[in-house]
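Only one chain is given next, in structure tokens, and it is the form predicted on its own.
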């Protein structure tokens, strides 16, 4: 529900008449920090889970390691595509985790993570980035790896938000404050 609230605030901000505003809501890293906190909470809850918290099959997830030299040499579209692809992979993986986990206490944590990813994916469209078309298969997808445990999956989710998503938002043209004086 907090992801939905954040998305609603972002949509309301974008639908306002053009008034000078400091930054778009998604550019305010407090929103992303909130999503990161929820990802950390989900990971912590999964670590203490003893029953009903298995992943039914291995999943493909994005690489989270950032080679800053390579990242800086990519243009904004390439960076956005990498982040959008990673968000999509994480959504698929977390949906499978949600279906696999029988521990109902974990469902709200996983649901929050999924909703936050959906919010981020939707908001990336407001940053004037190209539209993302998901692949038909994750087999052989570049920049990915396979995880088989829920804790690993949630660690990747957390690191992806703290790494590539944050870097993309920090460098997004729409998030840059331009001095018009």
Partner chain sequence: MTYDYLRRLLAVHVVLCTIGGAHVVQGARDFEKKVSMLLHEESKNPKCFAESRKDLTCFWEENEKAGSVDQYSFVYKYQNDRSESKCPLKAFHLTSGRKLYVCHLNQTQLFVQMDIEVNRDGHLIHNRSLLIESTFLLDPPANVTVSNGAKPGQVNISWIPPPVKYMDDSMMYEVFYSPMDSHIGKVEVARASSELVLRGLQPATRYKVQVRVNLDGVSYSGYWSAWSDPVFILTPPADLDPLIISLSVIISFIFLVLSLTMLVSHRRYLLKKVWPTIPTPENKFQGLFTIYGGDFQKWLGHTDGDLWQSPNVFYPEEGPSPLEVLSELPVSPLLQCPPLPPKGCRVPQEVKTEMDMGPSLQREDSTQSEDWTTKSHDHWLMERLQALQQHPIPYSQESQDTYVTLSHNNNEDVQDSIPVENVPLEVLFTSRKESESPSDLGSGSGQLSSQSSFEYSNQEWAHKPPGYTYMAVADSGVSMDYSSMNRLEDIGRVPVFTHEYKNDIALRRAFVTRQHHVHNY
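Residue numbers count along the first chain shown, from 1. All values reported here derive from a predicted model rather than from experimental measurement.
Note that the form predicted together with its partner chain isn't included here; everything after this is about it.
Judged against its partner chain in the predicted bound form with a 4.5 angstroms heavy atom cut-off, the residues 72, 159 and 170 are in contact without exception. When its partner chain is considered in the predicted bound form, only one residue from 54, 118, 36, 45 comes within 4.5 Å through any heavy atom, namely 36. Comment: its partner chain is not present in this chain, but in the predicted bound form one of 63, 60, 112, 126 has a heavy atom within 4.5 Å of it, namely 63.
Its partner chain is not drawn, but in the predicted bound form it has a heavy atom within 4.5 Å of residue 152.
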